[in-house]
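So this first bit is one chain, no partners, the form predicted on its own, shown in structure tokens.
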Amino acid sequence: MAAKQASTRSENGKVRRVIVVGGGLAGLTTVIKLCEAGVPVDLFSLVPVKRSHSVCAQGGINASVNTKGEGDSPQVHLEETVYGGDFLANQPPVKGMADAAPGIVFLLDRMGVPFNRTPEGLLDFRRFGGTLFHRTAFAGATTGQQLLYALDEQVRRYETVDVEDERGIVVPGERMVRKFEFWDFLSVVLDDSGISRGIVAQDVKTMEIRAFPGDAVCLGTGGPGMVFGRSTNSVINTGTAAGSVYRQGACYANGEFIQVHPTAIPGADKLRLISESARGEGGRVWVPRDPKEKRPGRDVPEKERDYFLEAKYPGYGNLVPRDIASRELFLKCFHEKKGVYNTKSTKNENEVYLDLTHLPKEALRKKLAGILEIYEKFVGEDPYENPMRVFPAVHYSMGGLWVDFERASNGSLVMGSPRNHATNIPGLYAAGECEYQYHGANRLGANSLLSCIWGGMVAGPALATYRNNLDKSSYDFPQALFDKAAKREQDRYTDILKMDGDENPYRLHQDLAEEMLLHCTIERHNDQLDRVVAKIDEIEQRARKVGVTDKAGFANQGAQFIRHLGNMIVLARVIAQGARNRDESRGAHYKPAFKDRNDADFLRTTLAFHKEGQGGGTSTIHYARDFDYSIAGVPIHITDAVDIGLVKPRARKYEQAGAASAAATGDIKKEDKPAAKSPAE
């Protein structure tokens, strides 16, 4: 593809920038790759970059380095990822991620991430759910924080680097990265052809609304955990950016697949994660065999404990994939009523024990101190001496904005292709949890940090290629295009400030969250989902009658929340209606009335498009089996078919007795050398 406008400056002399929204791992990596390609960036973040939700990740990042000689390889990583995701992930992007993973971890190590090491000085790796191998590199139990800070340092360096034009001449006063913290993304600026030309954002301190030109836009804005109210996510994770562009025409894919993490601390305000790393280091899940057991967990003898995951899944034990573990905990507590007995309430609570007390304290402090401090602080018990009480919590969205990819001849990706991570809105890209690409129907633990960083490494070159081949820079469009977009958002915000109805937006959010949490998580039933969708319609109508809780012209969180609530409502409908439509059980989507996976009808991507309500009616969803879009002037036809050319779909069986049994049945390869390439490669 011949470059059409690869210059640093636009025709009117302005420096041509790309916009990245989101300062987590995906956004920061995208910024770094753009800067390496010589593309100046404007970085927007709702919160300080170092407080992006990536900082909360605990357990580790996956890479098949095979330092323990177990026969692990990127090919096995690919197979276990698509196997764990119940074959709903397009396999070329997953292959690219698995192949790149060792290099990514070594790169982070060179950046100074303080990974745990073995006595020999090698990177240490722990096991995570859904794998039989030690594949997860980790920095204690605060891996996300260490990775985020390392990438932030690299981006801060580019904030001091001058922009140079194509002749190597410094552009006075222009830096490679300009950072806009405390800015809330409102919408993309679309020209008459529906091409993204920039964004509109609001300064959440001054409440100023401005339009910013950008030759391309990449969202790295995280997931929609707050749709469910209480989750392991930060309160900033409303999904508002994805919801906004979905309302502008972006396709939302596989929204019904929401991961529930099996181990979190129940709480009145939010649910605090206890990382899978606790089980990766040897933690055991159990309940007393006697449902009315009144003794504290530490006093229950070994023979009177039911280690139910180990009994049912002897090979994987406590490290079965999260969807399976969560269902088993739900079964034990809700259906069998065998959760931990509470002597004060005289009932079995929705809690099981996660026990680390049999492990050496010094090893726990070295590898898990971060999460054990959280438990002790918020529960008031010493987890070194007492089994922790945990229960599943909403954690991660496998669904998100639909993004494209270009398949290479070796089955991986064509790096630098403008199709990679492109949404169906030309010029708009997405990376990280806000897009759907890498996890299928269920995410394997420690693949999230990897997919965020790999997604940024792919999106950055794609954005650069797209920018360099534009016929016309966004900076050469009339200012009226951006003024119109800013005025539209200003008028909407002004309308919010005028709202004086009787409904309370926070109560509406609570009502929405309760419905989603009760009926759209671990188990799903069609009659209940019908009621959820009807409730969402009701809440959308009531949301038009809210009263704004704050009319201040500075740091107005009340008015901002009303806007976020509108976007959470439309995403809730995508999640609930998608779950209602999918009559099968696949990965995190489980329907007791349809317990089997149905590849004949549902081995396909759910493609959802928003339809705004007319005449005061509620909004609806148009589901498509295919659609057309164009990128860099090239028309592309998209279908809902899943690329399964690398790993043939087969039944998920985690009950195997161990690695040898799994290899014997062909479910998972375990070899001393990388597996042979499939014919599709």
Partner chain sequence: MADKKTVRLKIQRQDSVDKPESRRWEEFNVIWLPQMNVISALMEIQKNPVTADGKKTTPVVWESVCLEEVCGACTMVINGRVRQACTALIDQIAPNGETITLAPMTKFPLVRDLQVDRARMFNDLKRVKAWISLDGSHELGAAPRQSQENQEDTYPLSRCMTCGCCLEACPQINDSSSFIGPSAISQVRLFNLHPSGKMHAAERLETLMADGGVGDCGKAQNCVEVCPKEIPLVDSIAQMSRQATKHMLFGWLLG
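What you see is a predicted model, and the numbers here were worked out from it, not measured in a lab. Residue numbers count along the first chain shown, from 1.
Another form exists, predicted in complex with the partner chain; not displayed. Remarks below refer to it.
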| property | result |
| --- | --- |
| Partner contact for Asp530 in the predicted bound form: the partner chain, 4.5 angstroms, heavy atom | no |
| Distance check, Phe87 to the partner chain in the predicted bound form, heavy atom within 4.5 Å | no |
| Exercise: Gln146 in contact with the partner chain in the predicted bound form, heavy atom 4.5 Å | yes |
| Exercise: Gly370 in contact with the partner chain in the predicted bound form, heavy atom 4.5 Å | yes |
| Contact residue in the predicted bound form, from Val414, Leu497, Ile236, Val171 (heavy atom within 4.5 Å of the partner chain) | Ile236 |
| Option touching the partner chain, based on a heavy atom within 4.5 Å in the predicted bound form, out of Ile425, Val287, Met457, Ala464 | Met457 |
| Answer range among 327-335, 550-558, 439-447, 240-248 for contact with the partner chain, defined in the predicted bound form as heavy atoms within 4.5 Å | 550-558 |
| In the predicted bound form, residues of 28-63 near the partner chain [heavy atom within 4.5 Å] | Ile32, Lys33, Glu36, Val47, Pro48, Lys50, Arg51, Val55, Cys56, Gln58 |
